[in-house]
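As structure tokens, one chain now follows by itself in the form predicted alone.
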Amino acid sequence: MKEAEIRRLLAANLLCVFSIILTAVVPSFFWDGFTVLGTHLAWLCICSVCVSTLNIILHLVLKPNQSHKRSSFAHKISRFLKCCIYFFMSCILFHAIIVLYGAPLIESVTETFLLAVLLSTFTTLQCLCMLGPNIQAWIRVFSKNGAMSIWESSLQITTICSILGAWFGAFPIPLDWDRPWQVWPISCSLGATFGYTAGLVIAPLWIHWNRKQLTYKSR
């Protein structure tokens, strides 16, 4: 396994971590009273947009899963439209799952949907950038020993960490602590963000540590 490829992955992941930090710091210079907790819904939108934009740019620049097949302009447009539809469907699906896990059905609909958008940004968007609207490839990557590159291994780790982070973030909500960050959906979105950030850092380190055991084969 090439060390240069692992360094590229580490650099890309650290850029994503840095972008999340910037979303919590930079807006306060232009928006009086902006805080992650106080204006949480605005931060959710800013974080989702910034992470989405950076992921798309990194994919276009680094091209981790570059295909050697040439595609027509019509095919690229069709692929883009499918990706948009898949992302919207992912937001709806995450929203439904969050409600089934106990989120308010009618109240706080905006808060719940923005949390679903954030989760889709951390998970589905990465899959769309790397694998495209190919459900079979998604199933392969998230099956046992299904990753075919270090980028797909990183995708596995960051996706799982994001979902686990959101799940663990829900634990403090029913506790009678009366803390500001217990307001829905702050702890869940922060948990997802911390999980995603942890996954970005852990993935290249884990791959580097296990590089001798990881053998990727083309399928």
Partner chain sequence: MQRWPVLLFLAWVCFLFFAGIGLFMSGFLLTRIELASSSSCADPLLPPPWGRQGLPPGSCWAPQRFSKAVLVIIDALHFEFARFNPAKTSPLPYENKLSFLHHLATSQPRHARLYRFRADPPTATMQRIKGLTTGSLPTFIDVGSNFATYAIQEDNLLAQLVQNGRRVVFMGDDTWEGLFPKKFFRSYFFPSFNVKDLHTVDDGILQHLYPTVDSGEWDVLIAHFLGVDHCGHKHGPDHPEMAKKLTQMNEMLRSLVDHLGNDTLLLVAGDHGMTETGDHGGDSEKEVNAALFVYSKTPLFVTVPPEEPEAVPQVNLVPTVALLLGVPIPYSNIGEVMAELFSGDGDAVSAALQQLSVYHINAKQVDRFLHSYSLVAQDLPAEQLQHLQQLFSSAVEEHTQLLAQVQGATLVPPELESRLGSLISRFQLYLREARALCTQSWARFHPLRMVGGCTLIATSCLLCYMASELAASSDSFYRSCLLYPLLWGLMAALLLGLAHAFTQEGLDLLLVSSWAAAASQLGFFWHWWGRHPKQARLMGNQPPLASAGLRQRLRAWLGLAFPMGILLFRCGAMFSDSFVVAEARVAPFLLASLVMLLVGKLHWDGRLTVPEGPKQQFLGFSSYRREIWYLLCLVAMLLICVRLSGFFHQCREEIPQCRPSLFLSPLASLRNTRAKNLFYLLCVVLLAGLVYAVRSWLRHYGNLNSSEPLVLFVRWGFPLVVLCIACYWAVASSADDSLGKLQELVQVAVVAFPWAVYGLASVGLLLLLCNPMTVFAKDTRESPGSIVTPYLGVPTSEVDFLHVIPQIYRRMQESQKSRLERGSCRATVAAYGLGSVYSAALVIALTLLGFLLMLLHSERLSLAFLLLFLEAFVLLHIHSRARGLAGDAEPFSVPWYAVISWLLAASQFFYSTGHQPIFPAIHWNAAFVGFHLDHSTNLLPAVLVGANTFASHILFAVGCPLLLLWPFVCEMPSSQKKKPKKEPREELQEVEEHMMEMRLRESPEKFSTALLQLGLKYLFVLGTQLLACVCAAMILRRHLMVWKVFAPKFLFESLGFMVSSICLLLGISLVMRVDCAVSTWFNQLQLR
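Residue numbers count along the first chain shown, from 1. The structure displayed is predicted, hence computed values, not measured ones.
Quick note: we don't show the form predicted in complex with its partner chain, though the next part is all about it.
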Problem - Triple contact flag Pro104, Ile139 and Lys144 to its partner chain in the model of the complex, non-hydrogen atom at 4.5 angstroms - result: yes
Practice task
Sort through 168 to 176, 189 to 197, 55 to 63, 35 to 43 and report the only stretch with a non-hydrogen atom within 4.5 Å of its partner chain in the model of the complex.
Solution key: 168 to 176
Practice task
Name the single residue among Leu131, Val109, Val99, Cys83 that comes within 4.5 Å of its partner chain in the model of the complex, judging by heavy atoms.
Solution key: Val99
Practice task
Would you please decide whether Gln156 lies within 4.5 angstroms of its partner chain in the model of the complex, comparing each non-hydrogen atom pair?
Solution key: yes
